[in-house]
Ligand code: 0O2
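Quick heads-up: it's one chain on its own, the form predicted on its own, in structure tokens.
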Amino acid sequence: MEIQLWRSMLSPYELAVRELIVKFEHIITEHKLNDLYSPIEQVSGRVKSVSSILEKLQRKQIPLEHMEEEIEDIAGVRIICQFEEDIDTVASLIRSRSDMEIKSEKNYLKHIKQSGYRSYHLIIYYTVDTIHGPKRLQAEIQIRTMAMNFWATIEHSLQYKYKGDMPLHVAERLSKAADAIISLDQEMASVRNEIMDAQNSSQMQSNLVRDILLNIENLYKLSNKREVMKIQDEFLLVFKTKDLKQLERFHRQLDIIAEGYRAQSV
């Protein structure tokens, strides 16, 4: 296949990865705007390189003309969660979407690979609009915790270094590290509620401060500068207390004041 044809063939996959990243990032944003804990911590993606595609075609003895049908992970998206429990939540979110059709699922949390690899994989069908019309293609979504991702990144580097022939002593140490990752995820799960409460409180404070500052900024257009400066000073005193209830009370009072000034300006 000519270079230009490779570029043309991979272009829709690049578009799919970009669109999927935006959609999953929007889920994070929606949760934060609504003061909710997001089961997705971060998301990234990539399109398989031509070299990796050719290597997989050769290894699996797939004819070039069957490439897009047989290779399911040309487009890949990785979703990172804080807790193992979040993985099921994210998988359910994907299953419920009308713009992503599940082809297959592989649960490497229950069926851990011999190497110690743990993750949850979904193969989806996703449609992108191109200049030649809609194109339905496949994409792989990997869902894992931050700890699982750290281990998998190291394991991938070692597999690349040793070309699939990893020395026994390295494989054994990697297996022990995988056990440690399981223990870490279990430990984090035991304090999950406390961590979520702390993060939700932090997000609520961030949203309140954003709204208060926007209100104060608008008041400069409706009221005299001296009065607004007093309100600003009061806000800084309340903010200094780090008391969420006081901040909520100030927010409600400021809303009433701002509404009064808006009514006067009509």
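Computed from a prediction, not measured in an experiment: that's the story for all the values here. Each residue number is its position in the shown sequence, starting from 1.
Beyond the structure shown, there is the form predicted in complex with the named molecule, which is absent from this document and is the topic of what follows.
Among heavy atoms of Q138, none comes within 4.5 Å of the named molecule in the model of the complex. Proximity of R59 to the named molecule in the model of the complex falls within the 4.5 Å heavy atom cutoff. Although the partner is absent here, D86 lies well away from the named molecule in the model of the complex, with no heavy atom inside 4.5 Å. At the 4.5 Å threshold, heavy atoms of Q142 reach the named molecule in the model of the complex. This chain is displayed alone, yet in the model of the complex one of K113, H169, K163, K110 has a heavy atom within 4.5 Å of the named molecule; that residue is K113. For the three marked residues, M204, R210 and Q253, no heavy atom of any sits within 4.5 Å of the named molecule in the model of the complex. Only one segment in the set 113-121, 173-181, 186-194, 130-138 has residues whose heavy atoms sit within 4.5 Å of the named molecule in the model of the complex; it is 113-121. Applying a 4.5 Å heavy atom cutoff to the named molecule in the model of the complex picks out E155, H156, Q159 from 154-169, in order along the sequence.
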